[in-house]
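The chain below stands alone and is given as structure tokens, in the form predicted on its own.
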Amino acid sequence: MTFTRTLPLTDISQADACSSPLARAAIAPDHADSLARSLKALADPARLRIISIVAAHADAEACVCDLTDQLTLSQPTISHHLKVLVDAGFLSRAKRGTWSYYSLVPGSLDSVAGVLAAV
């Protein structure tokens, strides 16, 4: 003897059938693009060290000579990393005589910190 049993079907055509409501606003696409570029600039151990060294100095400003003394990189490599951080808006550069001084741009790490804090 064979029995055939019919199971009820669930209508999954409803858009909200499998999603839960957002608890907060998601990042906008243009902000995601901008933030990704910023994160790429920080996604290097040497650049993170440079940010940390500059932030550790009085007034969050350091001479390039302070950086070369603490990093085990060549001067051209350090200059490249500094340029990336300046171009990304994390550091600003001021020339004083023959030396360049780098300082943290106020608020430049806020958007990165905000995203990381929300995770």
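Residue positions are given as counts along the sequence shown, with the first one as 1. Since the model is a prediction, treat every value here as computed from it, not as a measurement.
Unshown form predicted in complex with the DNA; subsequent notes refer to it.
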Report task. Only one of 35, 64, 88, 60 comes within 4.5 Å of the DNA in the model of the complex by heavy atoms, so just point that one out. Result -> 64
Query raised in the report: Within a 4.5 Å heavy atom cut-off, is residue 76 in contact with the DNA in the model of the complex?
Result: yes
Query raised in the report: Given that the partner is absent here, does residue 44 sit within 4.5 Å of the DNA in the model of the complex, heavy atoms only?
Result: yes
Requested in this report: Indicate whether residue 103 is a 4.5 Å heavy atom neighbour of the DNA in the model of the complex.
Outcome: no
Query raised in the report: Does at least one non-hydrogen atom of residue 40 fall within 4.5 angstroms of the DNA in the model of the complex?
Result: yes
Requested in this report: Enumerate the residues of 95-114 that have a non-hydrogen atom within 4.5 Å of the DNA in the model of the complex, in sequence order, or give none.
Outcome: 97, 98, 99, 100, 102
